[in-house]
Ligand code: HPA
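Just the one chain here, laid out as structure tokens, in the form predicted on its own.
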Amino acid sequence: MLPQAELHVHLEGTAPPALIARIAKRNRIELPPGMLAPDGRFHFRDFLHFLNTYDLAASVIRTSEDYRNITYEYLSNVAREGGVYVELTASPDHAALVGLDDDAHYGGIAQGIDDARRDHGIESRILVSAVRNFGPEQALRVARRAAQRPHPYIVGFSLAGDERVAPAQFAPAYEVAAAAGLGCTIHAGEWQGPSAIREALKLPVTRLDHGARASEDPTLLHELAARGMTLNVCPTSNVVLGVYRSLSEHPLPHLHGSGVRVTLGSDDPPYFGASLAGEYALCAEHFGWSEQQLREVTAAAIDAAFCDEPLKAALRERLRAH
């Protein structure tokens, strides 16, 4: 199995329905009505409905142990299929909504990371994410907490949620995060087009989560390549949510061929029937990418990762040795 690395996956969104059900039972709470379809899968009609379903599932996750289990199970599954590194996007806002403070939230994730490393040799770090829908002031609070209370596994700051909320409003949060030495990324270029990406580039970001719609603007693609920007692309997610009607319409090969550095992410795997290894296989099967091209994807993810240089060197050696 080719070594793989992932920079775009939401921690709460890695928990499949069966794990959410086990957690709910342990916490003695009922599963939220409307969360699951009759066939037992997560139920959603479109992107905004997906966000609501995601919030319902996250509301079941209540304890540090819950976060440890979700982290451990996801990293273990990724490692079994060749994954060597994952940056997990964690949402302190979702944890706070169920009464969990940062120490308990991050402590559970860190325990899952440590246990997965011990058992499977996979490495992982944490991206702290603010939610656009909760507003710029809350995002600033999230960034300040991450800056003022450093955690050894927290390496970056992100912004997710409803992309229609303009990125410029969140500049103060990004200034705080960048000043604290956190790597910065942002969701952009999924539901909004090139103009939104250009707005996002005014922030101190070195990566874009999604970014696929940059393909609509050749000048923007040239700028992204010149700046060394990395796009963390999620083809399966984009098709399931209807950004593109099919894989044949997805611009990933065009993005890659234009000289822009791309990585592959599963986004919210059980919601979309995705996996990190599955995205690599998809590129081989549908786009005809060679093993060397897929190695370049892993190398791009390692280069763009927000972890420390000694860990990057170790990951590069694992990739070379395979």
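Keep in mind that this is a model prediction, so the values were computed, not measured. From 1 onward, residues are counted along the sequence shown.
Beyond the structure shown, there is the form predicted in complex with this ligand, which is absent from this document and is the topic of what follows.
- Within this chain, residue 287 is remote from the site of this ligand in the predicted bound form, having no heavy atom within 4.5 Å.
- Within this chain, residue 160 lines the site of this ligand in the predicted bound form, having a heavy atom no more than 4.5 Å away.
- A residue is said to contact a partner when one of its heavy atoms sits within 4.5 Å of a partner heavy atom; residue 29 fails this definition for this ligand in the predicted bound form, lying far away.
- The closest heavy atom approach of residue 279 to this ligand in the predicted bound form falls outside 4.5 Å.
- If you check this ligand in the predicted bound form, you find no heavy atom from any of 207, 256 and 300 within 4.5 Å.
- You can rule out all but one of 30-38, 43-51, 288-296, 58-66: in the predicted bound form, only 43-51 has residues with a heavy atom within 4.5 Å of this ligand.
- The partner is not shown here, but in the predicted bound form the stretch 171-193 reaches within 4.5 angstroms of this ligand through a heavy atom at 187, 190.
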